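For reference, the chain that follows is the form predicted alone, supplied as structure tokens.
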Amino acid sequence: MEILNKTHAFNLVKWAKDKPEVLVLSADLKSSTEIDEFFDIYPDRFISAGIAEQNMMSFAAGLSREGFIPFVHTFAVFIYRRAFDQVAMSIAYSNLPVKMFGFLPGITTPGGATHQAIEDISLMRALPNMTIFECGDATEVETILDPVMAVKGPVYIRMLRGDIPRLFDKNEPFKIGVNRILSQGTDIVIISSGICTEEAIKAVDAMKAKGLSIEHQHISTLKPFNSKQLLGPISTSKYGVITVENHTVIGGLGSIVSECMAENGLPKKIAKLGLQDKFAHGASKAYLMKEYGFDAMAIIKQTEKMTGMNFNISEAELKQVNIIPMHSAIKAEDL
């Protein structure tokens, strides 16, 4: 598997070269959100707001009214927990083109509850005018900026940093509202997003080898949500649906899919894997995904439960887990 490092950092510099209206804002997290390269090359288009996220959001709103396109960079929790009122009233209410890049989504940080954005989709998708994207691999990080720019209003992006695997073809870019169909089948439907897609791919490959027919779709546009690609496979599935997300199961991908199924009258079972109405503690990504039940083995066990089958798959049979260093310092406590 190809692993890329600091994908967003180098991509943003190249992409923004001929876009003087794009300004990058930081809340004193320049290297931690991979905008240090941008600062070095375009210092006149970089604004440090300090550790004052509420002020940064209001300032970004003002810049957008003057014709600029602010690219706000900070940890995801500081966008929606610290500055939710400013995002709602100063940005979303006026439908301003402020682009918010939220790093460390879900349990991708060992920082514990204070730094883990586990309910951001729930809150941000409740805001009118808000568009929500989530990157799942290096290809999506590399190709997300044009779609972000194409949205006329505000966008919230669950962003990845550091070492990122390439799961998807580099010639198949991120497209708004288009699900990636990674496997087709009629027994069960698995729907994943973000970092959970890598785990789902491992689980799907192992179960297909045992004879299970699986439809696997990766979701990168969470709002507006395109259910058209899902309705057919769900309606014809033999056993039902499993959603897998790096987020609480309340209000995120699982809730979105459940709503779509109910609205379209699809009487199928659904199981939602993710954080089950609890905060996570601090540890590595791989440990937390296993601990809270949304890694590859958890997907296999849930599929066994839903189908009544026993695949006899051990962890040793799965592909090598891609353990990603927390940051360039490669130390567990690094934020």
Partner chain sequence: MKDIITVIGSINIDAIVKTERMPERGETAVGDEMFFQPGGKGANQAIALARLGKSVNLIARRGKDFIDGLAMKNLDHPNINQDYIIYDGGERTGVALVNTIGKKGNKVILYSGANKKLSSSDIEKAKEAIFESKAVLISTEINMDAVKKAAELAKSKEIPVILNIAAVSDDRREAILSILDKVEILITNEREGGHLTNRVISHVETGYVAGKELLKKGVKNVIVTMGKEGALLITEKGSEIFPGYANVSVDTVGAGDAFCAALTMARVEGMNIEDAINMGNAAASIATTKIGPQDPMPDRETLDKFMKERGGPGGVYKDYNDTIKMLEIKAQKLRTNIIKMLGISKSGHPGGSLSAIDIITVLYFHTMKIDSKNPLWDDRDKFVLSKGHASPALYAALAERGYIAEEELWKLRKIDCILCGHPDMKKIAGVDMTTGSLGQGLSAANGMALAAKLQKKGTRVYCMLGDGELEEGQIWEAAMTSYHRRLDNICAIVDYNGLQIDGSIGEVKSGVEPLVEKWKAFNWNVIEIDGHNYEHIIEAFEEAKKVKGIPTIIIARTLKGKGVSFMERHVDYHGAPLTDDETARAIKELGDK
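As the structure is a prediction and not an experimental result, all values here were calculated from the model. Residue numbers count along the first chain shown, from 1.
The same protein also has a form predicted together with the partner chain, omitted here; what follows describes it.
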property	result
Options 160-168, 142-150, 108-116, 242-250; stretch whose heavy atom lies within 4.5 Å of the partner chain in the model of the complex	108-116
4.5 angstroms heavy atom contact with the partner chain in the model of the complex for Lys301	no
Lys268: touches the partner chain in the model of the complex, heavy atom cutoff 4.5 angstroms	no
The partner chain contact in the model of the complex: Arg125, any heavy atom under 4.5 Å	no
Proximity of Asp277 to the partner chain in the model of the complex, heavy atoms at 4.5 Å	no
Among the candidates Met306, Leu29, Ile41, Met297, the residue which, in the model of the complex, approaches the partner chain to within 4.5 Å (heavy atoms)	Leu29
Within 64-99, the residues that have a heavy atom no more than 4.5 Å from the partner chain in the model of the complex	Phe78, Arg82
